[in-house]
Every structure is written in C-alpha cells, then in structure tokens.
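Encoded as structure tokens, the following chain is the form predicted on its own, with no partner shown.
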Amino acid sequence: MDLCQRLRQAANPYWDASVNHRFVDELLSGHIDDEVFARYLVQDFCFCDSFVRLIAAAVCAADDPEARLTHARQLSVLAGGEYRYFIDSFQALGVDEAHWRNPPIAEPTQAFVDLMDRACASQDYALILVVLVVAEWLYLEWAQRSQDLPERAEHRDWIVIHNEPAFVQWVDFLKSELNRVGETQSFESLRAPFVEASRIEKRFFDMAYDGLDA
C-alpha cells in the first residue's frame, strides 16, 4: 500500500462518507434540488481564488522543473473552462451575480480556505500536495461512480470536469508527487492535514442541505 492509499485509509470514515454522500447520489442521478446545487456551487466558487493561489504555491515550492510545469498548466484549466462552467451554471440556476460574487461564507468553506491559506504560507511542498490530493482525488472518486450522465448541463458538466481523462492524469500526477516527496516526511505530519481536509469535505457536502427539509 503506497503513501496515498495509507492516507486515504486514515481519512475514513470521512472519505467514504463524502464519495457516497447523498449530494453525490442526487447529482449523479440528475435529481438534485436546484436550491441545494446552487448553494453548493456558490460556496465552491468561493474556493477558486484560494485554490489558484494553492496551485501557484505548488509551482513555487516544487523541487522538480517538470512538476512545476504541470502545476502551471493546471492554472489555465481553472482560469478557462472551469471558471466558465461556474458562470454558465449560476445563470442556469438563477443565481444573482451579486450573490455569487459576495455570498455569506459557510463554516466548512471558510475552514477549507483557511487550510489552503496555511498550506500556501508554509511553502511546504508536501503539505501543499496533501491539500491538493484530497481536493482532487476525492472528487475524482465520486465522479467515477457515474454510469449514465444526467441531462442537464450544469449537472453533467460538473461530473465530466472531474472524471475526464485530463483530470485523471492530473490526479495521478498529484498522487505520484505526494508519494515521492512524502517519503522524507513523517506519516503523522501528513496524516493530520489529510484527515482534516477530508473531514471538511464531508462537512461541505452536508452544508448544501443546511436548513432544508431532508
């Protein structure tokens, strides 16, 4: 079992609870409530700036020139098609621009932003990779549960963004980097932020239903 698999195992039950969350079930089936999905996307959009800075921090902290280039290329994905997805989906879901630009920040959103900011400030490549691996690998796992894609573009495209071949390659790269650089780190120093990030991800999915009827 490699380092990433050991970390994933340590993050249970939060990891499996996220991958198999009610939110994921409803999204994959195309039956997710518009209010739930809009709330989720608005909060997810709040991550964008911090996530861009996190990958930029990886560019600076990486110890290998090829790795730096791979991280740098991913920034164009965030600034291009993924950003466009959010804008189009907000329009389709009827979310006012004033709301998606300046929403009240939910507790798990702020918690993950704080974690990303700490990783950026640390300039510790291994810690940066831990946060990136959780954020991307967990989403790949739930997106790969998809069988038949839902019809609505805002549902379908969010799934495709997280299971298309280029995204699989990106996640494989992040895991291989963490396996490589993590060899010189204590397991506990990586386990703690990995579990923390996984716990926040589960709370983030829960948040989409806060105050709504089950």
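Throughout, we count residues from 1 along the sequence that is shown. Keep in mind it's a predicted model, so treat the numbers as computed, not measured.
Beyond the structure shown, there is the form predicted in complex with a further copy of the same chain, which is absent from this document and is the topic of what follows.
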| property | result |
| --- | --- |
| Candidate spot D49, R53 and Q123, all three touching a further copy of the same chain in the predicted complex (heavy atom, 4.5 Å) | yes |
| Residue stretch of 150 to 158, 165 to 173, 65 to 73, 36 to 44 approaching a further copy of the same chain in the predicted complex, non-hydrogen atom distance within 4.5 Å | 65 to 73 |
| 4.5 angstroms heavy atom contact with a further copy of the same chain in the predicted complex for L28 | no |
| a further copy of the same chain contact in the predicted complex: F86, any heavy atom under 4.5 Å | no |
| a further copy of the same chain contact at A57 in the predicted complex, heavy atom, 4.5 Å | yes |
| A98: touches a further copy of the same chain in the predicted complex, heavy atom cutoff 4.5 angstroms | no |
